[in-house]
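Take a look at this one chain, the form predicted alone, written out in structure tokens.
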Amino acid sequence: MQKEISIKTGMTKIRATFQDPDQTKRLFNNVKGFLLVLLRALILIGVGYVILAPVIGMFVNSISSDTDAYNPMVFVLPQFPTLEKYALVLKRLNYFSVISKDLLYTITLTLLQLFICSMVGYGFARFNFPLKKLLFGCVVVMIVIPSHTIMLPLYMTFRNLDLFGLGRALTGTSGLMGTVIPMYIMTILGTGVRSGLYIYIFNQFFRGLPKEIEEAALVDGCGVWYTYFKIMLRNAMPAVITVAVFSIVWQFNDTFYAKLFLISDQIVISKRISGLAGTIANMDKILVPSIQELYTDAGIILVLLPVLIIYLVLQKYFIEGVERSGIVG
């Protein structure tokens, strides 16, 4: 809105037009808001492209035919799309058999981590005991120290450990190498894959819950275990979902511990991907590296599919749990 002011000086009349300050402020705020939205959109598009471009590229390669691989004119979309790569990869990976064993192995480890890590996190959040700060410092150290720094002690420990003769019964030799038992032992003892992070998440979440809930349960005559399982754990479902998603993804994609403990690739499907190109070269006589890459991309997409489905189903609860557990910001 403009304002016009007339000033009369002697025989001369001066007219001046001024811009309304409120309108100028609103215009400035609108421009500022538009620029912020534009900047946010550019950042999200850039980050999304960096994350999704490799996956989209692998999917496009997996449905490309051999002709498309040799055709220099094919750049983004294949000219003759086909699913024959998936048909052969399903056969060479023994996909359905291995993926069912892998999911059973992953889900059991996830359930154990949820049970153990939630109890440890609840203990740190609600109870006082000797050396509490020192032990929680050890949990933080578990998060900070890379797994590669302790791989030799872990290998030596489980190579020489024959728990109740299980190693000799399962592998014919002493020690637990070549079995999944080391992973279950580590998980039960709270030192499994990323267990330190999960303990920290549960600790932060339980600290954010009001103590009045437990006090009311105590007045009603509930014991510690009943309060934990029936009341506190139910209120911690966002943290449970968060840890479950993290655990499933990291356990399913783990190759470090699988190779360290010599776990069979008939159980861990992520280990089979690295040898897929060699298997196809030997059994199907496909020796061209560019064609082998198409089959490898198809195998990677098949391995990613279960984790992607789980994440899409639990996405809402996962985001809520991350926000409430205090591990961001």
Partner chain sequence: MNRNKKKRLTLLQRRSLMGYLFILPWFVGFILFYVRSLILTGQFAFNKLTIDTVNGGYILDPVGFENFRYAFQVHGTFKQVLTSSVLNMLVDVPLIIFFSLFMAMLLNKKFPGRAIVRAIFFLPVLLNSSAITAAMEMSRQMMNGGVSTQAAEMAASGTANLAFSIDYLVDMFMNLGLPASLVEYIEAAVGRINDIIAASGIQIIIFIAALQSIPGSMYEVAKIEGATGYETFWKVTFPMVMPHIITNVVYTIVDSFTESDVVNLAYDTAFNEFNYGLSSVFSLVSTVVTCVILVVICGAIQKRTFYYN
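Rigid core (definition): largest C-alpha set, two forms, superposition within 1.5 Å. Residue numbers count along the first chain shown, from 1. Not measured: the values here are computed from a predicted model.
Unshown form predicted in complex with the partner chain; subsequent notes refer to it.
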| item | value |
| --- | --- |
| Distance check, residue 40 to the partner chain in the predicted complex, heavy atom within 4.5 Å | yes |
| Interface membership of residue 151, the partner chain in the predicted complex, 4.5 Å heavy atom rule | yes |
| Interface membership of residue 145, the partner chain in the predicted complex, 4.5 Å heavy atom rule | yes |
| Touches the partner chain in the predicted complex: residue 199 (any heavy atom, 4.5 Å) | yes |
| Segment assignment from 184 to 192, 233 to 241, 82 to 90, 100 to 108: heavy atom within 4.5 Å of the partner chain in the predicted complex | 184 to 192 |
| Joint contact, 224, 293 and 304 to the partner chain in the predicted complex, by non-hydrogen atom at 4.5 Å | yes |
| The partner chain in the predicted complex - contacting residues of 117 to 134, heavy atom within 4.5 Å | 119, 120, 122, 123, 124, 126, 127, 128, 129, 130 |
| Rigid core fit then residue 33 CA moved by 2 Å or more between the shown form and the other one | yes |
| Core-aligned C-alpha movement of residue 287 between the shown form and the other one, 2 Å or more | no |
